[in-house]
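Next comes just one chain, in structure tokens: the form predicted on its own.
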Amino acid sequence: MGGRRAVLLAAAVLLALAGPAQARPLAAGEATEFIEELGNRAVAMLSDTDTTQRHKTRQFRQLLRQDFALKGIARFTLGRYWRRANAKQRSRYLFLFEDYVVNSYAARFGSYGGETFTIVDERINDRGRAMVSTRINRKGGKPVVVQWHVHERDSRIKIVDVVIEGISMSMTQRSDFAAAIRSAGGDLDAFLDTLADKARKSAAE
């Protein structure tokens, strides 16, 4: 009986992460248009030499909030520890996760070297969710294949995962967080303190 309950619980968690069942299936070309527009905005932001780092960070935060299923990604990356967390810990974690992602990636803006991107193809599964494959073109380097997993969430098209050269960013972050929580002896508050410290250090770089 316990095993059956565990299976049902796992199914419930997956459904919660997947978003509302009534989400509209994406039509052909919608995800491609979405990723192309997002990529153009990102390249324009990174290429703007007249914009300060602080302003670029604010733009990046807005982009994340608007175009990524940030809360769902955050819950997924915390894994089974999300169920263990109380309301206060969950609220603090969601706040810190956004700061951690924003500051970690914003710290790399200075290394942008004029890379561009090309849409390769789009695939839509039988649930109406899309995967858009792109190629990041680097000057003097091998292109990097990036796949964007996209579906409609809360009446908006959202990115739910980014896969770079076959490596899922959500899965990688989930593994890193699980290791950090284990290192903290399973203490979620200690892990959150560490996450806050990492976010502060990234912002200072």
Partner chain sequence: MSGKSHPGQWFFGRFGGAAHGRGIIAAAALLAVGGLTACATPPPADDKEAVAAYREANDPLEPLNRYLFEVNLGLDRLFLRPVAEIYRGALPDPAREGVRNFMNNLDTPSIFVHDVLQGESERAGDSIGRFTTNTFYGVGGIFDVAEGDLPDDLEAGIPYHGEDLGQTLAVWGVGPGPYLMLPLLGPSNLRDAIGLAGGRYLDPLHYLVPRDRRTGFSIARATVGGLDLRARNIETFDEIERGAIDFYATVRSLYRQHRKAEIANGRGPANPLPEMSDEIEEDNKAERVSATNK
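As the structure is a computational prediction, the values presented were derived from the model and not from experiment. Positions refer to the first chain, counted from 1.
Below, we refer to the form predicted in complex with the partner chain, which is not included among the displayed structures.
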Exercise for the section: Tell me, please, which stretch of 52 to 60, 134 to 142, 39 to 47, 25 to 33 lies within 4.5 angstroms of the partner chain in the predicted complex when heavy atoms are compared? Expected result: 134 to 142
Exercise for the section: Name the single residue among L96, A85, I119, A107 that comes within 4.5 Å of the partner chain in the predicted complex, judging by heavy atoms. Expected result: A107
Handout entry: Residue contact check: V101 to the partner chain in the predicted complex, 4.5 Å heavy atom
Key = no
Problem - in the predicted complex, Q66 touching the partner chain (heavy atom, 4.5 Å) - result: no
Practice task
Give a yes/no on whether R92 approaches the partner chain to within 4.5 Å in the predicted complex, heavy atoms considered.
Solution key: no
Handout entry: in the predicted complex, L188 touching the partner chain (heavy atom, 4.5 Å)
Key = no
Problem - Contacts with the partner chain in the predicted complex, stretch 141 to 176 (heavy atom within 4.5 Å) - result: K142, P143, V144, H149, H151, R153, V160, D161, V163, I164, E165, G166, I167, S168, S170, M171, T172, R174, S175, D176
